[in-house]
Ligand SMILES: Cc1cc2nc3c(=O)[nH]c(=O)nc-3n(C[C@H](O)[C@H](O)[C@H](O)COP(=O)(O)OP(=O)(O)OC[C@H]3O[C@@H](n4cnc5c(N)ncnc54)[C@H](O)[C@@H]3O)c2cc1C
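In structure tokens, one chain follows: the form predicted alone.
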Amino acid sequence: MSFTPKQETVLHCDVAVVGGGPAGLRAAEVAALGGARVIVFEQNPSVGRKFLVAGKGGLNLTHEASVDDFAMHYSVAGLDLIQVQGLWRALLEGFDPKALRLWAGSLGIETFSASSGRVYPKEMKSAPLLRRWVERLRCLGVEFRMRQRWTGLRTREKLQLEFCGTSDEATGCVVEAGAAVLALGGASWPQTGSTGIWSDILTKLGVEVAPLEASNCGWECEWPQEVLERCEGKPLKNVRVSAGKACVRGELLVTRYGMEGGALYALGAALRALPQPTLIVDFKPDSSAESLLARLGSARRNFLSEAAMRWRLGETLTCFLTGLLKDSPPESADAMVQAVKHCEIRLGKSRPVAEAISTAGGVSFGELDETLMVRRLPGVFVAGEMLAWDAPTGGYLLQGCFSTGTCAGEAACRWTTNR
């Protein structure tokens, strides 16, 4: 829809928050609690669009793991494991999983831990939490400006952010702020407003931004027709999956284009680092190769059918292996064990960014100080998926957004107070 932009309005505030997702709303909340006058700018007609989409799966808020264990699930391009864990330990300690659950409780949202350790609202919905959160923000004096797309930033004499309206009713504006928190998200689920076009603005200002790539997404793979006919949409449960040096345990799902599943999502960073993305799957992780070989006993032929019965492979796995091994069936017990304990699956490319649950890439941590302020842009802080970090599903994504939002919001408030 085309429209004619109206004359710009000049606004003033202590902290301007750009982006109405969980990172931005959390930054606005802590800044307002610190006494700052806050305005939230969002290009959509309402805030929390992606948050609501995430809630369709029950809204996995966080995980009950300790801070040390939590920090091990994040990766940051350009940093080694010790550096990453130190960085995230500091961020999480500012607002850890226990604090997040207490925060939800203060909104009247009761949470519970599933057997997996994942934490969900008891209602398994995101809308009630978001509604009460926005009400709290309004009570704190936070102002909301909807249908405002961020288009530029000036930092010479005063920190100024430029916006254009996204409808006939919306007026573009220039905002003079003491500090700004940028929390515009990555590039997944663009229908919710996460398009990643902000990277062009920051790049032109000299900020290093790593390309946004699909994360927590499916990968393409060409399956034999027999596999698709009998296994499409069915999970391969309780498997151990490796990619390079990374190894996780979980589940895989056969799809028409390739594979999905929690185990695959957790290996995203490792797969992207490989010249040829390849999975090594152990379908019987609780049994040693020696024990499986012994249980095949005196079998001398029909090794797959014998293994299916003696190893209790299950219908889905048996069908999967039957289709996969059709052209080269195992001719020995050792080969059958190898097929189950060390099954190599070569993948193609990852699915498009628009289909991904999240994105890797973003503003390099090398551009930031310990408060998440961009060094070359004093008073400008970054939070959430705009940062160049990556994490699997399981509560780590939202926790990361809340923790970085807390850090950036508190620092932005201090910045305006101390100037």
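Computed from a prediction, not measured in an experiment: that's the story for all the values here. Sequential numbering from 1, following the sequence displayed.
Quick note: we don't show the form predicted in complex with this ligand, though the next part is all about it.
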ask   = Any chance G362 has a heavy atom within 4.5 Å of this ligand in the model of the complex?
value = no
Heavy atom of G193 within 4.5 Å of this ligand in the model of the complex = yes
task = Could you confirm whether H73 comes within 4.5 Å of this ligand in the model of the complex, counting heavy atoms only?
result = no
query = Do I357 and this ligand share at least one heavy atom pair within 4.5 Å in the model of the complex?
reply = yes
Full three-residue contact with this ligand in the model of the complex, heavy atom 4.5 Å, for P22, Q148 and W189 = yes
query = Pick from P352, G58, G35, P378: which residue has any heavy atom within 4.5 angstroms of this ligand in the model of the complex?
reply = G58
request  = Can you tell me which bits of 29-44 touch this ligand in the model of the complex, meaning any heavy atom within 4.5 Å?
outcome  = F41, E42, Q43, N44
